[in-house]
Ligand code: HEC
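Only one chain comes next, encoded as structure tokens, the form predicted alone.
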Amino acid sequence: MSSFWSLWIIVLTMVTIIGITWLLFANRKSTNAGPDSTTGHEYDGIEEYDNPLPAWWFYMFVITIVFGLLYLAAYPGLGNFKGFLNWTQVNQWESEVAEAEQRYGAIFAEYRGMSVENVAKDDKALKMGQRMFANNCAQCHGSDARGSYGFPNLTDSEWLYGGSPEQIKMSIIQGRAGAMPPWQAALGDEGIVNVTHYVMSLSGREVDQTKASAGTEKYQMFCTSCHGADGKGNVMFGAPDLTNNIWLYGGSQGLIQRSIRNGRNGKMPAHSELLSEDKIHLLTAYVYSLSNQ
């Protein structure tokens, strides 16, 4: 943050602490003599005695203030001041990760030399892979790995980028960025409707044959480079198979039209910096097992 806001936070924090300290000590003693003296406040026949705080309570407040000052000196809390211990969340996280790797690394390394297919048959390995899936993948693909709108189902045999162990591992390591361009400008409203009917016909659905025939030429012109002339897709581009009636963004006529009109952009983050190679190997085996049981 800028020097101004850093100074603002420091001054505001210290003024607050000093004010609280003054208020605490200023009210340590009663202003009126006598054990039965009152502050003069009365409400509904109830008077407020002018008694000081109990000693143990007072000293607890003092200890809290001292602790707060020591904490702000040791850790970041005063603007840009980093604290004498130079502690950061990143350093703490890295330290904990290194400790965990040292403690559990040998467990994961046990499967390093095994093929993904063989690891997928090991119950202990699959349980570890399932826990990693729950921590890293379930947010998008669901706890049952069946996906949802915009997130692929990992339990079937249909894979946008291929379902071999090598292809699955590559998807986890480097992530995937799927992009379909919008075709509104090239096709127009009528063209989008016609291509939609043709695309729906590829999976054997009932369509308006006149519109489907009109959409054939447009499909061959704009769509075959990714989805193929037969509509079976291409794993190199992550272009889905249009003949199996499995739809990542919904298969209703309206949703297909939306995909063609506006395009689609899906992104799976890379996990190479989040998980070690041994963990990715186990996670790959678990994902592979979901559709190869």
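Heads up: residue numbers just count along the shown sequence, starting at 1. Just so it is clear, the model here is predicted, and its values are computed rather than measured.
What comes next is about the form predicted together with the named molecule, which is not displayed.
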### Query
Can you pick the one in A73, A177, A100, A106 that has a heavy atom within 4.5 Å of the named molecule in the predicted bound form?
A177
### Query
Should L85 be counted as a contact of the named molecule in the predicted bound form, where contact means heavy atoms within 4.5 Å?
no
### Query
Is the gap between E158 and the named molecule in the predicted bound form 4.5 Å or less for some heavy atom pair?
yes
### Query
Would N262 sit within 4.5 Å of the named molecule in the predicted bound form, counting heavy atoms only?
no
### Message
Can you work out whether S171 and the named molecule are in contact in the predicted bound form, taking contact to mean some heavy atom pair no more than 4.5 Å apart?
### Response
yes
### Query
Quick one: which of 160 to 168, 110 to 118, 91 to 99, 76 to 84 gets within 4.5 Å of the named molecule in the predicted bound form, going by heavy atoms?
160 to 168
### Task
Sequence order please: the residues of 122 to 145 with a heavy atom within 4.5 Å of the named molecule in the predicted bound form.
F133, N136, C137, Q139, C140, H141
